[in-house]
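Quick heads-up: it's one chain on its own, the form predicted on its own, in structure tokens.
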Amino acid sequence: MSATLAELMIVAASECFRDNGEVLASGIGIVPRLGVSLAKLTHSPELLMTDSETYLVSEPVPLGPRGDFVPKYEGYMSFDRVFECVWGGRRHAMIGPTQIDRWGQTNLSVVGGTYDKPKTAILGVRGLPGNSINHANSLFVPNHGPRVFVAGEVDMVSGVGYKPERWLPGMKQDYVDLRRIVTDLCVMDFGGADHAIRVLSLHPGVSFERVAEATGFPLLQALGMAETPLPTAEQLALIAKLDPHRLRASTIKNDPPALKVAA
């Protein structure tokens, strides 16, 4: 059974939530959402998930129109209870920022120009400042390139990172917990010296040199850097069940096969 690049990325995203324990797992966007859902159905059933509305569910809710699917509700998860998880560090979210810099700072707000007169206005900082300083976060990038992984600092710091100059004396940095970055080329983490970003695995057909050229700052190679595993037949069947309308095909241009990334 052949797999697409989007499906490979879904499996890679699911691995970001392995061994997290009983935390609220939030995947923002199609691939992150499917990655969290796959994690809950396979290696991490203890993860807490909502129906994206108000309730906790014991199994992930499929994307798109639900047809005759009836969610299995487990409890009430109001907005204020979500914030209890956020402030208490009992959450792991995967988001898709517009820019990321070498310190893990992220931008969701404005690009180019000045803050008052930007070239492009995007979502705004939303809840990212509080989320990025209180609980674990991973990142998803569907188009790995220097416009996302910028050479200097992000144009507007929406999510905090590890840049020392941004932390004044006495500020508590203990709760900043940036985990992994899943892109259409590779999987990375912040495991280098002083939280430097390093490549954990390369997707099939991708070289480290290609990733380095697509990144605006120097990257490290993790010891034992490997190839990102292809989805298994079981994982592909679960993804199809979780995404019956194939919304995943819209996340990567032309929805290429996982084994032809370099073409």
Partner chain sequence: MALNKQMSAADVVAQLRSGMTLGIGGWGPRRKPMALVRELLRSDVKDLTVVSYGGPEVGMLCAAGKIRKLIYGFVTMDAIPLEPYFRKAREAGAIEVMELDEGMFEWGLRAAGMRMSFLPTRCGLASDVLRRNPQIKTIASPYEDGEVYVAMPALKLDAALIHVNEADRLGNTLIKSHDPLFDHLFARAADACYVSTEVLHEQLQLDADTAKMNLFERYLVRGVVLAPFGAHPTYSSPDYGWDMDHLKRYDASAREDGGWQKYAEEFVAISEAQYLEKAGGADRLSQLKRPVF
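Everything quoted here is computed from the prediction, not taken from an experiment. Residue numbers count along the first chain shown, from 1.
The same protein also exists as the form predicted in complex with its partner chain; that form is not shown, yet it is the one meant from here on.
- Item | Answer range among 22-30, 199-207, 46-54, 224-232 for contact with its partner chain, defined in the predicted bound form as heavy atoms within 4.5 Å | Every other range fails; the passing one is 46-54.
- Query: in the predicted bound form, which of the listed residues (Cys85, Ile122, Val150, Ile95) lies with a heavy atom within 4.5 Å of its partner chain?
  - Reply: None of the others qualify; the residue that does is Ile122.
- Quick one: of Gly127, Gly192, Gly75, Pro146, which gets a non-hydrogen atom within 4.5 angstroms of its partner chain in the predicted bound form? Partner contact (heavy atom, 4.5 Å) among the options: Gly127.
- Message: So in the predicted bound form, is its partner chain close enough to Pro65 to count as touching (4.5 Å, heavy atoms)?
- Response: Although its partner chain is absent here, Pro65 would touch it in the predicted bound form, with heavy atoms inside 4.5 Å.
- Query: Would Ser158 count as a contact of its partner chain in the predicted bound form, using a 4.5 angstroms cut-off between non-hydrogen atoms?
  - Reply: Yes.
- Quick one: does Ser138 come within 4.5 Å of its partner chain in the predicted bound form, counting heavy atoms only? No.
- Task: Spell out, yes or no, whether the shortest heavy atom distance between Ser109 and its partner chain in the predicted bound form is within 4.5 Å.
- Result: Contact check for Ser109: yes, within 4.5 Å of its partner chain in the predicted bound form.
- Task: Taking only heavy atoms into account, state which residues of 170-195 are within 4.5 Å of its partner chain in the predicted bound form, ordered by sequence.
- Result: Gly170, Met171, Lys172, Tyr175, in sequence order.
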